[in-house]
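Heads up, the chain below is alone and in the form predicted on its own; it's given as structure tokens.
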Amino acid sequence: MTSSGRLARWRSPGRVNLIGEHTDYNDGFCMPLAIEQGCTATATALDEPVVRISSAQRGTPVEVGLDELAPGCFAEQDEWASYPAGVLWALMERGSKLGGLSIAVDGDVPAGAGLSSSAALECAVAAAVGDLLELGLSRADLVSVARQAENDFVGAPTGGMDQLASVFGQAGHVLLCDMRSMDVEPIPFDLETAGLNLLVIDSRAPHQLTDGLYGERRAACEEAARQLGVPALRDVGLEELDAAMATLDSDLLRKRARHVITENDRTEAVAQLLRTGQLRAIGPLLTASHESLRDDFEVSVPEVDLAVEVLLAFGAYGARITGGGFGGCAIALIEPAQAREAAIAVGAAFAGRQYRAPSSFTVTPAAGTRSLG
């Protein structure tokens, strides 16, 4: 039974990462933007000590006792509920006293597209519960709680960039995120004034970060840093790349490290171009990022590679895979007049390879986590 009392309703956005992929857990730099698509969470109190989680996109609500919340407590068909439940678990791990709660969620970020639907869900739930229970959570707290839920409850070893983008997003700006200090620098990214579109192609190839491939990449980066004698690959500059390649003891580690070292450099270069309003000039850096993710980090898939190839052929200034990889989306910086034609061409190319039909849409930088009253 629901207690009589107020509810708290908050919305958090998904994100597109403009550049800086797989650099977050290497203490490096990334540059995401929050998008209009997101997740809304509504929290209300319950009289009994249970958590009831419902979703507009799912069927039967999931219910679990507060004292039963633990990693792995959900059956496979209910694993989607691990994201909101993990937030409650993380809050309790930090000493917050929770009573029974009803959490209702509704989202329009395409699930499995690599646009951070999970972080949007976690951050919205953290904000709604924090507000309802007057926990006094700062925005930095929301990031930390949501990241703990994803890492330690869900079991996805992500680096925190997604949650940072969801909470701190600003309309009209990308965020240069220093993932060591967790400092965020908003940088203007006014696509409309520049006369540009940021086109997203959802390849519909499944995107999954908890199946071990992501963790393998992270472990390889950590081993490379160990062999190089640095705290993280962020501490190796581009000028030290050749020496680093000579030091590492396997081709695999050399490839993984080369991606991270060059990606950090590309991200800082994009930031400098955007600070001076040179939006079109970032295109080749976006494409170079894709090539590095495809060849050195090996996280792209044929569907996304094909999308990037077609987008570039149809006049995109730059195109790349976005998100953790192993499926998901491609993005392209492109003139509006060419965006629709390019999206149609990607669909035709997919049909020719008998891939699932992709979807496409444009995004603009949106505000971060916010109350809906």
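Just count from 1 along the sequence shown to find any residue number. Quick caveat, the model's predicted, so the values are computed rather than measured.
One more form of this protein, predicted together with alpha-D-galactopyranose, exists but is not displayed; see below.
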Verify the flagged residues Val51, Trp89 and Gly130 against alpha-D-galactopyranose in the predicted complex: is each one within 4.5 Å by a non-hydrogen atom?
no
Stretch in contact, per heavy atom within 4.5 angstroms of alpha-D-galactopyranose in the predicted complex, of 138 to 146, 228 to 236, 264 to 272, 159 to 167
159 to 167
Proximity of Tyr214 to alpha-D-galactopyranose in the predicted complex, heavy atoms at 4.5 Å:
yes
According to a 4.5 angstroms non-hydrogen atom cut-off, is Gly327 in contact with alpha-D-galactopyranose in the predicted complex?
no
Gly14 within 4.5 Å of alpha-D-galactopyranose in the predicted complex, heavy atoms:
no
Is there a non-hydrogen atom of Pro365 within 4.5 angstroms of a non-hydrogen atom of alpha-D-galactopyranose in the predicted complex?
no
